[in-house]
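Quick heads-up: it's one chain on its own, the form predicted on its own, in structure tokens.
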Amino acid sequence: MAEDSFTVTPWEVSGKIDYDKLRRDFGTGAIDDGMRERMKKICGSLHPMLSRGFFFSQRDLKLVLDDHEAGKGFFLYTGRGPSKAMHIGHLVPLIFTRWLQEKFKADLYIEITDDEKYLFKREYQWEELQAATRDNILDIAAVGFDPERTFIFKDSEYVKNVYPLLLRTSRKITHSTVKAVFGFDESTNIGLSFYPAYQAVPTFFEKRRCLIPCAIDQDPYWRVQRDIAESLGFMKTAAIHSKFLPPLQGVEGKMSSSAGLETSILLTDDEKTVKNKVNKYAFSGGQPTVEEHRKLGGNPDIDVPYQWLSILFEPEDKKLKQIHDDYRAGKLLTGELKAILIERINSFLKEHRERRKKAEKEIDSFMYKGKLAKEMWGRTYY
């Protein structure tokens, strides 16, 4: 693989990613200082993922803010392909989505793509996938969304309501389009060729503009939606894209449980497991010895514990800068930096598990009984 070569698709992320090049290749806009200042004025503050540039790319975010300020509003849509083991990286876009929902009081639709996961992951049996799906939904609900404004639905279950709209959508998308956008070939099963139509359907749940917070590898779906939306009488979807949470070992790509459970922090990991994983696998920007580190300092730009703190685990800018400066100056050792991260992760996971217990009682509100959920189950689409 060439040094500047990388791959980013909805199913594969590999190589050393040049995010500026990726944004240009995908044809998305940057989130510049002016746009961040506008969001800060509207929201009162910025989420650290936004102020620090982790969410870096967008499509039509200006139009979303225009609609909000004009009183038209907008709605949010995101999703999850269920798997047997969710890790911290899976929660990153969901945490940001929760912030958007809180700040804008927006309806939120969360699509659980059990159909796509079954079609793509040949090793999954339907029954075990459904068990994993319910487990994943509990973890999603535990993020803290508003149960009255949030509708979590499984594709395989809600399809009976949206099938007419799904057919209208699929009739607009040609096989040549999905081949070009997703790289499908003659060996791709026809279910995967059909699936992008369903991915687009929730963007048509309201006549207002849709905003999708997601990692940038999901953007190809929205390019397809934007090609067909207006011909169906709906708006082109907007999107706000994040970078990828790096894996512990600091190699190219993104965190993935399929790449090895030992290099991902799972939501079920206990304190001892977290400590062992971080100490053993987290890539360091420090020097080989304490003496050299004290003299030369560390490099936070390549240090995974520092990167994780900056993305998710240290919300206060002053504290993060102090950690950055002390590490670069050699005052803070690699082991000490890892210890900070270990404490933050374990605190985060403890709080998540407590919220998950609460979510067990709320899951029906998100899926069936909450205000938005009941409204959605009463709908049919033609």
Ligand code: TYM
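Counting begins at 1, following the sequence as shown. Given the structure is predicted, the values throughout are model-derived calculations rather than measurements.
The same protein also has a form predicted in complex with this ligand, omitted here; what follows describes it.
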Tell me, please, which stretch of 124-132, 106-114, 291-299, 143-151 lies within 4.5 angstroms of this ligand in the predicted complex when heavy atoms are compared?
106-114
Candidate from 170, 307, 199, 101 lying within 4.5 Å of this ligand in the predicted complex - any heavy atom:
199
Answer with one of 137, 214, 224, 267: the residue that has a non-hydrogen atom within 4.5 Å of this ligand in the predicted complex.
214
With the partner left out of view, is residue 87 within 4.5 angstroms of this ligand in the predicted complex by any non-hydrogen atom?
yes
Please run the contact check for residue 236 against this ligand in the predicted complex: heavy atoms, 4.5 angstroms, yes or no?
no
May I ask you to state whether residue 193 is within 4.5 Å of this ligand in the predicted complex, using heavy atom distances?
no
Could you confirm whether residue 118 comes within 4.5 Å of this ligand in the predicted complex, counting heavy atoms only?
no
What residues of 78-110, in sequence order, lie within 4.5 Å of this ligand in the predicted complex by heavy atom?
78, 79, 80, 81, 87, 89, 90, 92, 93
